[in-house]
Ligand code: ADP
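Quick setup: one chain, the form predicted on its own, written in structure tokens, and binding and motion questions come after.
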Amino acid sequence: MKKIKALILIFALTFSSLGFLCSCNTVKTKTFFALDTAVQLTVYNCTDEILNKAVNNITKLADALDCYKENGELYNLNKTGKSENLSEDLYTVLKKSSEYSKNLNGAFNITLGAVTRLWNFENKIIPKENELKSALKTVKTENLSVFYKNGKYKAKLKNNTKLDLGAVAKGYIADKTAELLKNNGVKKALINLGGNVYSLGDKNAVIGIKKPFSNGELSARVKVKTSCSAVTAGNYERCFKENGVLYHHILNPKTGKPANSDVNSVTVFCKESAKADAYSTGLFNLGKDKALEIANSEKEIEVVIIDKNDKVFYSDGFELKNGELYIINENI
């Protein structure tokens, strides 16, 4: 899923949990490749049947939401410009994304597909200015229409706009995986979709936030409550330098180029992983002050920010105790 990495960090978070060492009868772990990364499910008191059901659902959703998966649902929507029978999952992601984009003043934008496909960070390919200029003309949220009619979900794209769900798909899939596990009686699990972490039912989970450009050193440790997601957007994973300039994968929807932000990473904590995913990208684009302002005004999210000098900032819903951040926001 080369493509879904376009706006998402891989392994931006590390996870440790003392709670996972406690009195659970059985633990099952499944590691597999999906979403163009290593995915790991750690589930307690669970049958193989339930675990396999979760794996299959992740694979199914990954194919549907991947803009590069030939004959996948999103691929076909981009190709034809319309869908007369949209799945409920894709409909939900598109509707949520429109809401997030509005809340973030366009700093998160799924209509960036024509731009993201011009960049190739693995092969250090920088688009030409005329190519970017042309692609940016298609980056408009109003070019996407999503609606319900005659008992079916439908979508239309105009002006050759292409969608890329790279900054929200993993979060949505994490939410659906947690929902599936809970509906099948699972009370405790760790869902790690290549760095998009969802801790389900563990009151002692500790999430470590990596120090940017380090060899695994941590900048912060966060104690989370039961059932919480954490997603990081940072400029230090999929990146390269050319003539002394750092090019990273978090693109500014207005310029089509790597965001010129005053931060190295933004980690969003939220019960809804899709929101954490989208907001981490949007807040990175907006920069430290605006990111903290938005986080402090919204009840459902909290953020930890690492600036260019590796200084750690955090929103009001945290309390620092003995070197660890504790979430005190009752909504998370």
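So that there is no doubt, residue numbering starts at 1 and follows the sequence shown. Keep in mind it's a predicted model, so treat the numbers as computed, not measured.
The discussion below concerns the form predicted in complex with the ligand, not included here.
**Q** For the ligand, considered in the model of the complex: do all three of Y91, E179 and K275 come within 4.5 Å of it, counting heavy atoms only?
**A** Spot residues vs the ligand: no contact at all.
**Q** Could you check which residue among L112, A174, L74, A205 gets a heavy atom within 4.5 Å of the ligand in the model of the complex?
**A** None of the other options qualify; the answer is L112.
**Q** For the chain shown here without its partner, which stretch in 217 to 225, 149 to 157, 243 to 251, 129 to 137 has non-hydrogen atoms within 4.5 angstroms of the ligand in the model of the complex?
**A** Selected range: 243 to 251.
**Q** If you check in the model of the complex, is Y198 within 4.5 Å of the ligand, heavy atoms only?
**A** It does not: once the ligand is placed as it appears in the model of the complex, Y198 has no heavy atom within 4.5 Å of it.
**Q** Look up in the model of the complex whether T116 has a non-hydrogen atom within 4.5 angstroms of the ligand, and give yes or no.
**A** T116 belongs to the contact set for the ligand.
**Q** Within 4.5 Å, heavy atoms only: does K211 come near the ligand in the model of the complex?
**A** Output for K211 is no: heavy atoms all beyond 4.5 Å of the ligand.
**Q** Using 4.5 Å between non-hydrogen atoms, is R238 touching the ligand in the model of the complex?
**A** Close contact exists here: in the model of the complex, R238 approaches the ligand to within 4.5 Å, heavy atoms only.
**Q** What residues of 157 to 179, in sequence order, lie within 4.5 Å of the ligand in the model of the complex by heavy atom?
**A** Heavy-atom contacts to the ligand in the model of the complex: D164, G166, A167, K170.
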